[in-house]
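We begin with a single chain expressed as structure tokens, specifically the form predicted on its own.
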């Protein structure tokens, strides 16, 4: 009853105060923050006003004809079969209008597809339901995952300002530099879209699409996956942070150092507590969307891990499933997505959480050796 009353109150407020409830509502495109997005906006407005002019002329003539030649004034309808001049005019005039519209449209499209002479190349790979960003010339990469709390999604908390548009690791690019995106996907078709950039490109498995941008204004820009890609399609945001070049260079250096530190973790001596702590965090990011935080899964597509034959069975088989996936099912191969430390921590966590209590553990060194044996 309380929820129903809240909905009725919200509806009543919208009806009584429409100006307030629709304050941010708009029907037009936004110019964006890049040259390309502004070109698209200008092209849109140019064609819009051409259409307005055409509509005004056509409907103006039509209404004038109806009014001036109405029967009450004694107008007599003309009786003719064809008029060559009229037919020539209504063919040539639309042709000229289309040519006028095609010239700026073609120039804009050519510029949008010109990915040459880029300063930075970033490979963007879509996964269900996250993005991977690999900085090709810098030898590091990472995943970008939704961070909106599940309590907000399930309406147990007030929704935040950037509800479903916030991530743990945004893409970072420098302002004033041409950035080329190489887009592909690991599983199904996704689509990478940032409205402020004027960039929207499909990410297709086994195929690489290209796009580019040059952002001149520092800031955080948000978008989404715009290709229906499964049950959590709506939970796959895109966040790009544009920063000054000096700040970007510092960030790249920090990322390289962090990547090197992660590689060194393979040789570290891990304790069960350390693996469980890391495994809980890594599981929440990489696995909980399908198998749920409590390990109960969503059968039959996403089986439970609590008390399952995998999580409580042969440890070598468990490693194989997580690293290589299961063909013909929704279980992805995480061997190429996560580093050895995270893989080992997740497997250890799954074998000892939710009452499984197997008491065994997998180290990053064992994962490293397993991968090399394949």
Partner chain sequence: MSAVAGTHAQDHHHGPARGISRWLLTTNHKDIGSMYLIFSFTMFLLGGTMAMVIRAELFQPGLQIVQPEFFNQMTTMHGLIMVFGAVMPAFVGLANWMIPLMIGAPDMALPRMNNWSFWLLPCAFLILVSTLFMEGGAPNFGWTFYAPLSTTYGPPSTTFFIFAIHIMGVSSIMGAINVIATVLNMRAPGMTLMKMPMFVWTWLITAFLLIAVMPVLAGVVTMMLMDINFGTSFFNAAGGGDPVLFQHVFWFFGHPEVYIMILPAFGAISQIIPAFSRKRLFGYASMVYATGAIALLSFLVWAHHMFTVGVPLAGQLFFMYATLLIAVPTGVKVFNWVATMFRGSLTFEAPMLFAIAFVILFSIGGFSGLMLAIAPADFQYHDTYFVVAHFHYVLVPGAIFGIFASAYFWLPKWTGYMYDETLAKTHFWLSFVGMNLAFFPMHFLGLAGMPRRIPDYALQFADFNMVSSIGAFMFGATQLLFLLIVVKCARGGVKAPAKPWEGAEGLEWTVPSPAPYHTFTTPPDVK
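Quick caveat, the model's predicted, so the values are computed rather than measured. C-alpha atoms forming the largest set that superposes within 1.5 Å between two forms make up the rigid core. Numbering follows the first chain given and starts at 1.
Not pictured, yet referred to below: the form predicted together with the partner chain.
157, 276 and 293 each touching the partner chain in the predicted bound form (heavy atom, 4.5 Å): Judged in the predicted bound form, none of 157, 276 and 293 sits within 4.5 Å of the partner chain.
Answer range among 171-179, 268-276, 252-260, 294-302 for contact with the partner chain, defined in the predicted bound form as heavy atoms within 4.5 Å: Of the options, only 294-302 has residues within 4.5 Å of the partner.
The unique member of 117, 82, 264, 216 whose heavy atoms fall within 4.5 Å of the partner chain in the predicted bound form: Contact check passes for 82.
Interface residue in the predicted bound form among 281, 231, 123, 241, criterion: non-hydrogen atom within 4.5 angstroms of the partner chain: Looking at 281, 231, 123, 241 one by one, just 231 meets the 4.5 Å heavy-atom criterion.
In the predicted bound form, residue 288 touching the partner chain (heavy atom, 4.5 Å): No - in the predicted bound form, heavy atoms of residue 288 and the partner chain never come within 4.5 Å of each other.
Partner contact for residue 246 in the predicted bound form: the partner chain, 4.5 angstroms, heavy atom: Output for residue 246 is no: heavy atoms all beyond 4.5 Å of the partner chain.
Residue 144 within 4.5 Å of the partner chain in the predicted bound form, heavy atoms: Output for residue 144 is no: heavy atoms all beyond 4.5 Å of the partner chain.
4.5 angstroms heavy atom contact with the partner chain in the predicted bound form for residue 187: Yes, residue 187 is a contact residue.
Contacts with the partner chain in the predicted bound form - residues in 298-336 whose heavy atoms fall within 4.5 Å: Sequence-ordered list: 298, 300, 328, 329, 330.
C-alpha of residue 316 off by 2 Å or more between the shown form and the other one on rigid core: No, the C-alpha position differs by under 2 Å between the shown form and the other one.
Core-aligned CA displacement of residue 206 at least 2 Å between the shown form and the other one: Shift at residue 206: below 2 Å after core fit.
Core-aligned C-alpha movement of residue 139 between the shown form and the other one, 2 Å or more: No, residue 139 moves less than 2 Å.
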